[in-house]
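The same protein chain appears twice below, in two forms, each given on its own as structure tokens and labelled structure 1 and structure 2.
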Structure 1
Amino acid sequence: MKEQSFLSPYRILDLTDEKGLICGKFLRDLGAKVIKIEKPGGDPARNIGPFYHDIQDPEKSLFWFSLNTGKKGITLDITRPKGKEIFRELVKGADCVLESFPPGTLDGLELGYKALCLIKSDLIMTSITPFGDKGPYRDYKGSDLILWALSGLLFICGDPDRPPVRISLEQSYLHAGADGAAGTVMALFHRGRSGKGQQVQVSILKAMERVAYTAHILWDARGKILRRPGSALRIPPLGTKTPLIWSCKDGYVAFYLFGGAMGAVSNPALTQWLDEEGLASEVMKAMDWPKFDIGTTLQEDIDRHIVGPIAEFFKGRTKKELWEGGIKRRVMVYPVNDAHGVLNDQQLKERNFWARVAHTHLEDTLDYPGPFIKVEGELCQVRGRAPLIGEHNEEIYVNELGLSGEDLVRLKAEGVI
């Protein structure tokens, strides 16, 4: 058989909630067949907004749409005896199970890893949990905000005069979901070489600790606490601050005044640009930029001679002017995009990035982010819309498991599917 995708031969059962949905989505992009198993009536994550045309309906959640592209969808209550039996049948024909229940839940249902290995000895099971399956916080409740907090990331984000602040769109589950997908593929690779299955655990706390930069290292090795700097970075030894986000005529731009080699990419060209407008200071014009060291320059000198003139220059121009001028001169000044800005990014358009996905029941077509990598042919692609509730019950239960139409009616009446 011709293999057209990275993960063509694999079949994955996805039991996750919002903590793991993107894990199955990425595996589907890579070509695995992913079957999303929902409670009868639909997964609770279908109630998370935003909603299509603001209609609060489990079939119209844009959140759900975005994290389930290309999956098959079936309903099954795995807490009922008959549901467990059917789930075990499904496991026989599957390579991996993805789950994000509180630790111990599947064991309590007699569907834990060891129990499932008795029916499929080389099974891979990937579990995404807030804190892992051991330790004092094992049974603690997590949420995106709680995981930002405990990971150390929250503490360094935000303005110094306000509480620490997160990104307003849940992120921690996405980091962990991507790790879960990588872990699943590594386990598949390992199984391909050794014949052995594996349990894969992803702790969302640990996934987020990696995002918290050098917060711990700085304490460990230098006894210093990294604090939230607002939209600016503080550089030792003097702790000099320079902004990251600057106001412009119609919004904000991101520009970081690096010192040293990195700064030499942008700073000389920016100086010249300012000079053309009569805004460059004498200090900027005379600066040997590769030797410029922010951390040993006094704050008032930086503010007066460098940050001040640049801020004034940015204020007088639009995002578009600064961006286009920056591209031409290789000055790394970039727009702070909102959704509209992202969707209109010139390069993403030129690379045919956006995936147009038809939603026949809505009689509409929506633009989705395309595949996370560009590779030949169909190796990695967005493969259609998210499933409706129980959309593939017949396909999976009747055509693949060999249940009869009558069985299906009975199971529905019993609330199993």
Structure 2
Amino acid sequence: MKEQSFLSPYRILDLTDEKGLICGKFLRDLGAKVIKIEKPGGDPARNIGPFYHDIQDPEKSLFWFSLNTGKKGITLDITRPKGKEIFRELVKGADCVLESFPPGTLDGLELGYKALCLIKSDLIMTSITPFGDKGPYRDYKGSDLILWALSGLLFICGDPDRPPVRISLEQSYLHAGADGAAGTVMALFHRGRSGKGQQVQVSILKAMERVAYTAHILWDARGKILRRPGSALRIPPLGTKTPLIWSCKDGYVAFYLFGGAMGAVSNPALTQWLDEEGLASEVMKAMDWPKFDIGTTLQEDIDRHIVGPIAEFFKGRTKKELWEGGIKRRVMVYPVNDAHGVLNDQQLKERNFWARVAHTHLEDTLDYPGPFIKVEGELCQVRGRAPLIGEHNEEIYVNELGLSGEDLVRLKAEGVI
């Protein structure tokens, strides 16, 4: 049965590494047939952990699983003459090519955009590179850390009295991959109207600049540099700070101690809650909260009379108790979830966010984040597990390109597939 989805008529060849894998995944979720082309033996991204049951095996990389759901998987060495010949045959039936090689690599293999357009004139090629195809950094290598740093995001991550810190996951590649998917869809739409293909260029640095938008706006609007706030909120003019992240019985919760009108509901409700437990200070009970100004209050007074009692109260309760009690009493306190907490989040469960995906080769079924949008029917969904190495060689090469079984054996022996 043919899939009925947003992109079901389209066929996409995915040559990306970890910098662009999520681009193909999103397009596959939208229904395009995405064929992941790996080097013979498997893509190096299969060696990126974590791994299923901590077994380091290219067929058990959870990183690989998560970014290649639903794709077909074939092996092909596009640097060999026969590999190039086969790739050109694949391009004839494709709508898009996704790639994340250094600029000029495919041109050097005579497989660049202009060369491929001689085979299919309305082809769309989406290229994801650290810095784009132009400019003085064009040929520089760029890791996630480098791109975070250059974008300005690294500067605002961490505590103000310590050096900047990076987010532990390679977020920059995910942002760029999402931009690549959006650009590919726009190019398909444009081709549908004009009949013209085009090359979509994604600079990961540029993608990250958008993520750092708030920092840029602050500079543009006020001429101020956004600095690392850490886990505390500093209020001028005295620079009085209050925690944003608080310890509780089984982890952490987030809570803003706002002054003035912003805390006019939450602060009295929390004070009453503490008072019922005998923990509210006399200052809290006597406070005219709508007129409370944190920024003009001495740090010592804040710590002793307000932050201290609240911290003591939170430490004696679980995240669930504080979350549920906070909703009931209109106190803005909410759990800081770890992965287990996210997986068990009631809201995500009610919206059927998680997708159960069978891995027959593991004799197991795993939970995956669901599609990035919810729409009617099956227009956008997670469409099965990631492919094994060369799993669909026979389907693509024999059933679609017309090669024989003997051809496959020979090409494999020659290291082409």
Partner chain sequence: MNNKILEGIRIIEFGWAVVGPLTTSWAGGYGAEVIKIETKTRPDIIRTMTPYKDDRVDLDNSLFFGRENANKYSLALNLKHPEGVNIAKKLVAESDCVLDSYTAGVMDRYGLGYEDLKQVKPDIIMLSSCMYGQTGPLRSMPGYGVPLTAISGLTYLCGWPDRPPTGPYGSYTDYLVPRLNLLALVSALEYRRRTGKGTFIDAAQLEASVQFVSPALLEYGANQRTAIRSGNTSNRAAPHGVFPCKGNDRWCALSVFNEEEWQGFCEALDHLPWTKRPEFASLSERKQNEGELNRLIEEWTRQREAEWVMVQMQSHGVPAGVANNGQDLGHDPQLTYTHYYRRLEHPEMGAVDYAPHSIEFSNAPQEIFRSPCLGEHTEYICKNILGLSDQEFKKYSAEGVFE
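Given the structure is predicted, the values throughout are model-derived calculations rather than measurements. Residue indices: 1-based, along structure 1. So that the term is clear: the rigid core is the largest set of C-alpha atoms that superpose within 1.5 Å between two forms.
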| query | finding |
| --- | --- |
| Assignment: the form predicted on its own | 2 |
| Turn angle in ° for the smaller rigid piece between the two structures | 17 |
| Core-aligned CA shift between the two structures for K291 (Å) | 8.9 |
| Rigid core superposed, the C-alpha shift at P236 between the two structures in Å | 6.7 |
